[in-house]
Ligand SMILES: Cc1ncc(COP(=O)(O)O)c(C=O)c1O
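Quick heads-up: it's one chain on its own, the form predicted alone, in structure tokens.
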Amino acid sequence: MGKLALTGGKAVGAPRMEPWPPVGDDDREALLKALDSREWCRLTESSAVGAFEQEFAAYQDARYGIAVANGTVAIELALLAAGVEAGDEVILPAVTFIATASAVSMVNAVPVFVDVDPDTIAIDPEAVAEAITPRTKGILAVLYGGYPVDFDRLLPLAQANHLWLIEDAAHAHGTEWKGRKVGAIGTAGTFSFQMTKSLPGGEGGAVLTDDEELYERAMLLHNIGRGMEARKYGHVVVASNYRMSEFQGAVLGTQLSKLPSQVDKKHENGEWLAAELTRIGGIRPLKRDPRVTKRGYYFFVMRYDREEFGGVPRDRFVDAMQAEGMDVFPAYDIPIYANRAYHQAGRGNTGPVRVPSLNPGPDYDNMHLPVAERFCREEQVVMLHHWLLADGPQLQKVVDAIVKIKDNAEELLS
């Protein structure tokens, strides 16, 4: 294919695709309807937020849903509704966006990071089992990139130890495990609707569950300590305000109508691309598992092996891909515990919490989780989900760029 673009050759060229988020007349009409209603807060029976949360819960195979302002507070709300108290320990994977951990810290609980499975980058059940202590109250399992955790191992482990299991499904809209969509397979699940997500609302989030008592607690807590039937005052618990605005609810309702067909196409294209990467070698997809019956995506995750690319470091490979027109990147290039927020002064009292922690927590400064560190620093290459909406000939360009770089890897070593 000729000389690499990074060293002066002609680029493969970026695939043609529609911009993200998708915007149609239905989105404009929904926003104008909310604007003209002058009911911009979810305080009416005809609330767009109320309609959306019911539709989204049904789509994700959950009995109950609560829409909130963003994905971070969705995790906080789920933790509080599950009964987390100051000093409690919550086990979570080291590979995730920091909001997963900061939500734990913001309710004054203690994040206990564990390693991930090298084939799936999902939380390692064996590592979870080893991390359980008398202070452990639950597992916060991240569906990284949209890939499910091993529910067949985690659910029995949680039940045997009287722990709850919350799914951080911010990346996993539409993902299915054994034919059931994620989000309420565990005790509860949380989602994000930030602009880049598979279901975009600018911002926004949701808590899903099949547990009626947890739902009722979460509904109370998300509305300043009052039930939705209380239109003004009459607060029964001290709580914060996590409500979603009607503008977010309106656009999410129309975006949700687009989601099922998008998920289907991304799943199909993701399987094709995974097969192509396996054929090329040296840039592996996450492990294919027959229990994952539908794959929703946020990241399409690739695992780079520098030895199969002639010793070219991961970051140099990423530079070469970008020069060819491919918008790939390393994503989270350090585990969460390696962030400054969880180092030194961040240990124990990790953020603007209002009650001093009853548990100093792990020594994050000296934590070493080898799979997470190797994956973040040397292996991880991702592209965002909407690339999987490209037509076949356009997606082929990603494959062509990888093959071109592998065939000309020596150019990157000079």
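Quantities reported herein were computed from a predicted structural model and do not represent experimental measurements. In this text, residue numbers run from 1 along the sequence as written.
Absent from the display: the form predicted together with the named molecule. The rest refers to it.
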| query | finding |
| --- | --- |
| I75, T96 and Q194 all contacting the named molecule in the predicted complex, non-hydrogen atom within 4.5 Å | yes |
| Proximity to the named molecule in the predicted complex (heavy atom, within 4.5 Å), stretch among 167-175, 82-90, 308-316, 252-260 | 167-175 |
| Contact of T209 with the named molecule in the predicted complex (heavy atom, 4.5 Å) | no |
| Partner contact for G71 in the predicted complex: the named molecule, 4.5 angstroms, heavy atom | yes |
| 4.5 angstroms heavy atom contact with the named molecule in the predicted complex for G204 | yes |
| T100: touches the named molecule in the predicted complex, heavy atom cutoff 4.5 angstroms | yes |
| Among the candidates V142, A184, V128, V116, the residue which, in the predicted complex, approaches the named molecule to within 4.5 Å (heavy atoms) | V142 |
| Selected contact from Y215, Y332, F247, F151, since only one has a non-hydrogen atom within 4.5 angstroms of the named molecule in the predicted complex | Y332 |
